[in-house]
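Here you get one chain, nothing else, as structure tokens; it is the form predicted on its own.
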């Protein structure tokens, strides 16, 4: 049996590189040979045991590669074509898909959680930090990479760009809105870019890492706040002359950032939650105006599918956004354990790493 190298979840605090069989594919699937992938913050939650997955699972959900083999029923693609697939791989025919929420395509419960939906790579099926990956429902999920775009240019599309943009989209950012983005990691930075593209007039980024705040300005932030240098809520209220923000995007997944995002909303404003939370959230009575503030709290799992990927690559090809600064480090797949150590401890100014077999 032919084998491949893959990053495998062994147990809490242990993801190791090992050999696994190259995946078999079904008639509706595709086998993709990975040329580039990356590590996501969600993978760190898995590594730390904060999000449960099965032992022995290949991790990773951001594939860029070349079609190696197509299932008998797959049409419209050819072996050898460069493709990406979203982190979310909907079937297209589930109840969730037919209701217009394809990101939630999947079982009703997963690992004891309520539906996590179409996120399958590195969650319910083997993922992308490997030499090969099986893409389910290939006709719904594979998207051709334009010849003029490199692997690294499209590397953010499967998850980070899609998720960050969806924070602005779900928050219903309008032309002239004031938006605050809490935490300027890769997803928060893409939320900044998404808010700018949606027409926000004022975009306030909150972080403490200088390089991230610099990139936030490059992507469209009009103000950046270092949360270690004073009360963030007071500073945002001062910037908005006491009005508050139309949309607050929470991109970290902690009680403190969620609460701050709630406290800076204008009456009737929207908190758009992107963070992956590892413990229960508490909604303070005063910040929530005792339930009478007309606030909206929305969450999102990034949209997937081929059309979403096509649209994101169109944005990149248009030159309206440059996410190249997000890729700060590069590793071979053989060195992925070192990449996890770097990324997990957020050393050396890391934002995203490119992993190449």
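Bear in mind the structure is a predicted one, so any value in this text is a computation, not a measurement. Positions refer to the first chain, counted from 1.
There is another form of this protein, the form predicted together with a further copy of the same chain, and it is not shown here; the text below is about that form.
Residues with any non-hydrogen atom within 4.5 angstroms of a further copy of the same chain in the predicted complex fall in just one of 288 to 296, 323 to 331, 57 to 65, 32 to 40: 288 to 296. Although the partner is absent here, residue 275 sits close enough that one of its heavy atoms falls within 4.5 Å of a further copy of the same chain in the predicted complex.
Residue contact check for residue 126: none of its heavy atoms lie within 4.5 Å of a further copy of the same chain in the predicted complex.
Proximity of residue 258 to a further copy of the same chain in the predicted complex falls within the 4.5 Å heavy atom cutoff. The shortest heavy atom separation between residue 200 and a further copy of the same chain in the predicted complex is within 4.5 Å. Contact check for 94, 99 and 240: all three have a heavy atom within 4.5 Å of a further copy of the same chain in the predicted complex. Note on contacts: among 233, 209, 139, 149, the single residue with a heavy atom within 4.5 Å of a further copy of the same chain in the predicted complex is 139. Scanning 279, 218, 229, 78 against a further copy of the same chain in the predicted complex with a 4.5 Å heavy atom cut-off leaves one residue, 279. Along 156 to 181, these residues reach a heavy atom to within 4.5 Å of a further copy of the same chain in the predicted complex: 165, 169, 170, 174, 175, 176, 177, 178.
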